[in-house]
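Here we start with a single chain on its own, the form predicted on its own, put down as structure tokens.
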């Protein structure tokens, strides 16, 4: 069996590593593999030349200015996205290549005459990573552990796995990036410690709280923002410089793809330089052509200006940190170490914000660009038995459940549940002689199904005719270690099973993902009212049904006056449900009818 490599498939840069053995103390020796140019990270950039040649990595990034429309970057943000999502619209305004809508609604990219899905583009980057590893190891590489942001949904994880398969890799595990970083940081820790992994990369932000001790890594809670990263910091600089240039020269640099690419490169360079300098210079001669001839862009940028332009982006990371600490039921004082991951954590304003929130200096003992790939390699070695097994107790970031009567979202697996996991619930039919039960799978945090994201729909058919409420349908959800969901519905009477693997080509839109948890809190009171109303209507329907059955069976035991009264109360409750009565009025009518049913029961047992 060959070695399993660890690959950090990043938005801006990717990295591959492998465990070569163990040291004298039994700890793994991990090698971060350099590419052919000697760099330990490789730009996640793909380009196609006029001759049809395919370029990947630094060579693709180097020619981006002269080949802007045929150069693709930051495609990780498009994984599992629909074309009409906000994240795609935002990305379209800051990249020089084109995007288009595939026939299934997914966001694809267009490089010249070539149209490609995001997994295909990512597969080219993964292929480059595989080839880098093969050159170093001198053997074929067919297996890998690939990392993803902890807040990636089912569609994004599946898209990443598909990219691995396209690249000729058997993806042994999809591993959350903060968990991989924690593996690299804490494998040699023997004492119990609570750590926070603050991961601000090129395209995504994750914050995870873990408890680690002697080979056990227990994720307490995770959260983040799947479209917040270095690309957004670059965009802030691009927008500011473009707006100033537009006001002065009456030319919008964002409208020309070559000018936009030059400005993008200058913005990224300025951002990097301002992490170590207080001021830098952006100088782009002949950046555009105006009515009077060539136009030039010259602008000095101070670190303080960049911090003002990006203050809201940094604050968004702290908002996510607060939410995760609440989910973990911990305070910042309970965290022993804060591990910084991702290139954006080099920004002084980011480090300052982290220090102020957690009350301590962040740990800088790991390389933020390489630590995720190192952790992935360690996990790969553990899976093959090359090193001692490590126990990873990761979690699912969003609640998963089904739609039940009244449009209620019934959660079967709450967010931050340890995976792999399995959860079952018994459901039944809602009408007499119902021959099938529809199963609607959803993901989110809202109380009503309509407010959450649909993952899949399927039907359990062949249910024998029976009165409502008699069939018992067991719905089981299983989430594997990769975070991939499978659902099974079983008729306990007939044993008939209907299963579906929830592996959509496109999942939650990024703007929806980030809003799900926050909306769950923001609209908590409204959601609860709607849920209570739906549950009351369900109870009322059941009471009406059972009362009518009782009236039909035991009408001769009731006097005419009582019989007429109960019929009137049943009709009133039916009418109120049809006209959309308020919760309080429904409760009153329900209570009145319920009292009358008690009287029917008393009459039955009095005979």
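Numbering follows the first chain given and starts at 1. Remember, it's a predicted structure, so these values are computed and weren't measured experimentally.
Absent from the display: the form predicted in complex with a small molecule. The rest refers to it.
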Candidate stretches 21-29, 5-13, 580-588, 593-601 - the one whose heavy atoms come within 4.5 Å of the small molecule in the predicted complex
5-13
According to a 4.5 angstroms non-hydrogen atom cut-off, is residue 343 in contact with the small molecule in the predicted complex?
yes
Consider residue 311 of the chain shown here, and say whether it contacts the small molecule in the predicted complex, taking contact as heavy atoms within 4.5 Å.
no
Do residue 202 and the small molecule come within 4.5 Å of each other in the predicted complex, heavy atoms counted?
yes
Look up in the predicted complex whether residue 352 has a non-hydrogen atom within 4.5 angstroms of the small molecule, and give yes or no.
no
Consider the chain as shown here, without its partner, and state which of 268, 239, 488, 120 has a heavy atom within 4.5 Å of the small molecule in the predicted complex.
268
State the residue from 275, 261, 386, 417 whose non-hydrogen atoms include one within 4.5 Å of the small molecule in the predicted complex.
275
